[in-house]
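As structure tokens, one chain now follows by itself in the form predicted alone.
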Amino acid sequence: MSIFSKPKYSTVQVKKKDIPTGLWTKCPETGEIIFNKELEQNWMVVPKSEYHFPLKARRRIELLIDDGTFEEHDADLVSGDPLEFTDSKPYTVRMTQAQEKTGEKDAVISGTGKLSGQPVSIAVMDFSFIGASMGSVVGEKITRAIERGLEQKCPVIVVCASGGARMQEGILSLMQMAKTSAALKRLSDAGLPYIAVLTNPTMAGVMASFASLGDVIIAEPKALIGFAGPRVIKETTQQDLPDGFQSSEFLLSRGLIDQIVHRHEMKTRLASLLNAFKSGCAKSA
């Protein structure tokens, strides 16, 4: 028998205080935790690491196009479901959910406006809409944006972000590669400039078509750019890939893109390029 009796402990269940969600974002590069409001004010760029998060299409248009000058076109175009495609869910359900989540009809916004006083036709892809996959509506809106540049005799800018073609539309999505490329050939024949801006990620069918056909190709820092993903390439070639493979910096060093431009400097750089094109056209005339 022990001299001292064991003390009696009582346990009290303490409820963890609820922490509000949606207030903070973690930088995937450094692990830094950032207040969402600060991140939004900094155009979705992490202040210390300068990691560029995806940016909604309408916000990007606000940052690039002069206030009060943007006129949206083709806003009512909506994808059909000619294949009656179902993967984990019917395509019609997937589209409805994406539209409710983003408030957009599809993965690209197009229109005309002025960039630092210069008229442009612009199309901006939105990765939050089914990974900015390229279906028939995306291809059609980008083609019309290019043709609008032809009609109005102004430069065309496309801000690209995509995981590739939209598999739910099958061959119809793949046809958009040829359609957009043909429109760009007509723009080039008319002597009008086209600038492609590649953001993270720009992959597959989009990169294999209009994203790689710019007179000038600009990329944001550390964007993933390529056709197939690194894992697929490694498994196919059975070789280790170089550090930074398919990053903006890797492609710039090999001449596949022309410039890497920080998001904060993008409008100024685009304005400078448009001025250079304008000056070159005037001299040639």
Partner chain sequence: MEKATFTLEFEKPIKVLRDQLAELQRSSEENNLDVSKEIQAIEEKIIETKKRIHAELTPWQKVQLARHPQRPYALDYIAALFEDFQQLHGDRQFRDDQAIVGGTALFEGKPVMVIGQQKGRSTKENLARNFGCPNPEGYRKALRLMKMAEKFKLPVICLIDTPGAYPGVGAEERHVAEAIAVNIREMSNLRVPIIATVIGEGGSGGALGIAVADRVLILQNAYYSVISPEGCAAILWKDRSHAPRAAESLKITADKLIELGIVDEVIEEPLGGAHTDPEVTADSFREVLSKQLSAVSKLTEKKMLDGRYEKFRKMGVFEVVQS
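On a predicted model such as this, the values are computed, not experimentally measured, just so you know. Positions refer to the first chain, counted from 1.
Separately, the form predicted together with its partner chain exists; it is not shown, and the next lines address it.
Among the residues Pro90, Gly191, Pro82, Pro119, the one placing a heavy atom within 4.5 Å of its partner chain in the predicted bound form is Pro82.
With the partner removed from view, the residue among Ile195, Leu115, Met95, Ala183 that has a non-hydrogen atom within 4.5 Å of its partner chain in the predicted bound form turns out to be Ala183.
Comment: 133-141 is the region of 107-115, 152-160, 120-128, 133-141 lying near its partner chain in the predicted bound form, near meaning a non-hydrogen atom within 4.5 Å. Using a 4.5 angstroms threshold between heavy atoms, Glu72 stays clear of its partner chain in the predicted bound form.
The closest non-hydrogen atom of Phe250 lies within 4.5 Å of its partner chain in the predicted bound form. Using a 4.5 angstroms limit between non-hydrogen atoms, Thr102 is distant from its partner chain in the predicted bound form. Remark: Ser209 counts among the residues lining its partner chain in the predicted bound form, judged by a heavy atom distance of 4.5 Å or less. With respect to its partner chain in the predicted bound form, the three residues Leu172, Gly226 and Gln239 uniformly fall within 4.5 angstroms at the level of their nearest heavy atom.
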